[in-house]
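Before any questions on binding or motion, here is one chain by itself as structure tokens, the form predicted on its own.
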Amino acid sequence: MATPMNLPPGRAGITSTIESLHDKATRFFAALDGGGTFREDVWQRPGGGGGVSRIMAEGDTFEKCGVNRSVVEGTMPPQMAQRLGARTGMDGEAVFFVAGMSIVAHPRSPKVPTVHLNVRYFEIAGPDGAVVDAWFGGGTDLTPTYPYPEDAVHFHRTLRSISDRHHPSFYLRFKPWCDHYFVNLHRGEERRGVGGIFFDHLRPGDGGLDGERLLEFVVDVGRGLPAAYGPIVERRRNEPYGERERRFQLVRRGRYVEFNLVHDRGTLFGLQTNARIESVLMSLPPLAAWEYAPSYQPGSFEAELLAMLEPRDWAAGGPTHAGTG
């Protein structure tokens, strides 16, 4: 049976941290939008816990923006705990506790990329309440619909700076993980966007860091969008676009929907644990399109965007593929 050492603050401390991140993110996106307001729904989960969903619809900058938090607990069969990657050594039901914040912002303008961020803490205990496994997960990624390589460079350089403050290996590990996670496998391994960082099962002791220091890293990621994403929105929000750009944006949103419904772990976990369905599916855009077998001329902005989705060393300026330069 695994016994994690040097755990972060107890459940009350984790819950407070998530609430703080949630409030700061809400204020940031309200200010960044420039006019929209959030609707708040407080919900309870049958079986234990609940959450707070804040959704902005039809804002000035964002067509839809969701900033959610949840703290849920309950029991799960050992098979489910194993699928989640838990190290329990248990044959019976596991008691779980998970606290997290998730953000998805779908802009109106095709010139402004969609952004996603998620941070979470997961804990598994035995029937006696003793914690047998605990880990952090999360990350953030950028999904453009217009090919501006400099936006990807800025996003990745900011994430590299955040990661390097905590451990020199984090960006080098978590950037490729993101490249290979946000992929529509059924679309010939087509990437959803230009990536970012993604991590899971980050346990106390990883990289020589205890639970407190890993929590500091996760909090830094959770409050990283003002630096990583805010300047991109300010740079692009007033650029002109037409029907062709909007149409392509809706097609790319369709790909976003496919990933979230087929592959996304957070969506699947929410569906499997009876979470509030409107909150689980808040990541879906308000409008999307599915064209039959679209094709794009070489040199078109659509073709350039699709070429941008191949993993690259964006933090170094983007000219080389990740792992080759």
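These numbers come from a predicted model, not from an experiment. So that there is no doubt, residue numbering starts at 1 and follows the sequence shown.
Separately, the form predicted in complex with a further copy of the same chain exists; it is not shown, and the next lines address it.
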- Would a further copy of the same chain in the predicted complex be within 4.5 angstroms of a non-hydrogen atom of every residue among 41, 255 and 288? yes
- Partner-contacting position among 26, 61, 53, 273 - heavy atom within 4.5 Å of a further copy of the same chain in the predicted complex: 53
- Note on the structure: a further copy of the same chain in the predicted complex has a heavy atom of only one listed residue within 4.5 Å, and of 247, 83, 235, 157 that residue is 247
- Note on the structure: Note: a further copy of the same chain not shown here; in the predicted complex, the stretch from 183-191, 222-230, 129-137, 159-167 having heavy atoms within 4.5 Å of it is 183-191
- residue 294, heavy atom within 4.5 angstroms of a further copy of the same chain in the predicted complex: yes
- Message: Taking a further copy of the same chain as it sits in the predicted complex, is residue 284 near enough to touch it, meaning that at least one heavy atom pair lies within 4.5 angstroms?
- Response: yes
- Item | is_contact(residue 31, a further copy of the same chain) in the predicted complex, heavy atom dist at most 4.5 Å | no
